Structures are given as C-alpha cells and as structure tokens.
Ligand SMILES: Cc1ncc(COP(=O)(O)O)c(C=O)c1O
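The data below hold one chain only, encoded as structure tokens and taken in the form predicted alone.
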C-alpha cells in the first residue's frame, strides 16, 4: 500500500489522513468525519489553542486536565532540549542529576513522610505501579494473600487492563474488555448528590461511604486486601468533593486492618484544587501517591508513584528485597527536566493560589447558572476542576434520553463560542489552565451559560 504523506500545512489533507489512518482516542473515524475531522492545531498560547483554519478556542479542560501552566511555555521546551542534548536517556541501574533533583523536590512538596519516588510515563502506569507496590509491600512482610484492591464507583484510574476496572467512568464503558479482574472490589462513593446510602446529610454520606469500605474489607477478609485506592476529589463526575469526615475515617479503617491507602493524584496534584495536592485539601496523607499530568503540564510524558519511608524501606536490603518493577522509559531525564522547570513556574507565578481564587469565582458563576437553568441538576467541584451535571428532571434527577444528543449539542454550542470542551455523557467538565485570569474565566463561564440557555430552548425545557 502506497500512502502519500499529507503536507504539514494542508489542513484538508491532514484531516482526511487523520480520518483514514489515525485512531483518535474515545471517538471513531466516522464520527469525526461527520464533524469534518479532528481538531488539527496550528499553535497554542496561554489558555488558547488555534486550529489550522485560524479558529481560536479557550482550552476548557487543559488538554486533558494537565496543561496547568498553559500552552506555549518555551522555557520548558528549552529545558527538555538542553537535557536531551547532554544525556538523552538513562542506562540500566543509572540515574541523571535532573531525575534525582526531581525526586528530592517531590519529597519536599508532598505531604507527610512521602519520600521515595518511582517514575514512569503517565497516569495509568502510575496507578499500575502503585497497585504493584502495595501488593509487593505485603509480600515482603510475609502477607502473601493480600492481593485485592478496593476502589469506588465514579472514579477513574487509567486505561490499562488492570486500572480500567477500578471505579466506573460513564464515558468509558468496559463491555469490550472482559472478564473483570478477580482482585477488584468496588464500593459506592461519597457522592452527596447521588449517594447510594439514602443519606440525609453530607456527614452521614461520608460516614456510610467510609463504612462501606470497612464492610468490604471484612467481607473479603482483611488478610486478602492489599489497598484502597481513590482520588481525593473525583473527576469523572465533575469534581465530586467528599464530605470532610470521609477520608479521615478511611485512613483510620485502613490502619485498623493493615490495608495501604493509595491516593490517585494524577489530576488533583500540582495545584489544580487550589492546594498543592488533594491530600493537603482533605488533610490525610496516603501510604502511596500516584501522580502525572500536572507535574510537567503535559510537556513531556511523566508519571510516578511516591511512597512513605515505611513502605519504601521494605524494599531495601538484599537482592530478595528488591521491588521487581520498571518500564523502559522510567525516570526519563527529558521528563525530569520538564517537570523541574514546570514546578518552578508554578511556584514563581503562584499558580496554586490562583487556582484557589479562580475556583471560588468559578463556583459562584456555576451556582448562578444552577439558579438560572432548569436543566442544571447539580454543580460541584473545587479549585479549577468543577462541573455541571445536567438532567431532564431536577426532582427525579433523571438524565436526558441519549437520543436527544444533549452532550453533543452542548459541545457544538461551546465550540461555536470559541470554547473547546467535548461534553461527555451528562457532565460539563470545566478545568482550564491554572494561569487563567478573572476576565478570561468570566468569558469561559459566559460561553457555558449561553450554551445551556440555547440548548434549553431547543429542548423546550
């Protein structure tokens, strides 16, 4: 088969080639062809991306919840170039100064006594690594039967076979991938708007959700449970913030039964919540923390797992103590250089505080929309990860019939107003770069507000 490469300046040819030759994540060629093809970006700067046809959009979800410092940061690109120009990759059992410095930086930034890091390439691998570390920890201590992991509905921890079954994402059905791993146990989350417990207050919801974890541990047998994994604030459903009593109770339960607590901070880490980490927000330190995305703002694929000294020290000693785990591109020096420069920018520009302040502004605007639009069932989130759940009936909380394509309609209205957010299922996610200004955030919210109003008119709501 002979294929003519499209010119990098021929927009139509590139779109056509993409439809014929490229798998674009979570969509398909026919669907994209109806829309004219995927968005082919020509340039990006700050909170905006510009397509090859000249149209400019606000990046409403930071790429995929990772572009914390915004687009077009040449100093990060230069840091990567300088590193690759000197040492472009590790050797076996070797390390580079940048990687060592990054590990030390993370030990300083993360809460509690999280101290030793294993680096990988992304969030899915980070959570895979955390799960393997937790199980290996128990094996090293002689608890060889602890292989089960407890996760929560409405969470998302990755797309590998092992991580995709942890939780449940409305936009990621798993019907193509069977069977469910035997070690996965799933319980209900502390979701006050749609709680499974009949709770009448956030505090009761938090307590019952934590007790659901304890009941699962007891049902499965504590001697068989390795870890509990969860995001401090869950993204798939629009930034579900748990009641204040939930994570402290879960921490106590894990300690009671010798189960490790893993925080998935792939999205929540590095300032997005208005705190450095979700662990800081909820006041609980996990035994193991997964991270990715915001550590480099997506300028280089970097993820990792950081463990407390107690967990890490179990793998120190003779050869039999070694944690037998790695990836080919683990601790890539280019990624470490990108992360160090990215974190320097976050600190220098006080972006964690900006995320907190802009998050308060966003919350106020979303509450206004809830009071204005009948299709808005709930608004939730914190910092710059918030969302709107839209419903057909506020009283019953029933979602719209999928045949109405409400999410596609909202996507179209937002794009027409210069906002790039592809609305999944029944949630409008809002998570712009942490550099967004007050005026820019108001502009983004105006576009969401107007789009909701236009769709309501079309639906006769």
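Keep in mind that this is a model prediction, so the values were computed, not measured. Numbering follows the first chain given and starts at 1.
Keep in mind the form predicted in complex with this ligand is missing from the figure; the text below concerns it.
A residue is said to contact a partner when one of its heavy atoms sits within 4.5 Å of a partner heavy atom; residue 293 meets this definition for this ligand in the predicted bound form.
Taking the partner from elsewhere, residue 130 is found to have every heavy atom lying beyond 4.5 Å of this ligand in the predicted bound form. Using a 4.5 Å cutoff between non-hydrogen atoms, residue 124 counts as a contact of this ligand in the predicted bound form. Although the partner is absent from this view, residue 156 contacts this ligand in the predicted bound form, with a non-hydrogen atom inside 4.5 angstroms. The listed set 267, 388, 351, 189 contains one residue whose heavy atoms approach this ligand in the predicted bound form to within 4.5 Å, identified as 267. In short, of 99-107, 199-207, 139-147, 115-123 it is 115-123 that has heavy atoms within 4.5 Å of this ligand in the predicted bound form. Residues are counted as partner-facing when one of their heavy atoms sits within 4.5 Å of this ligand in the predicted bound form; in 224-243 only 231 qualifies.
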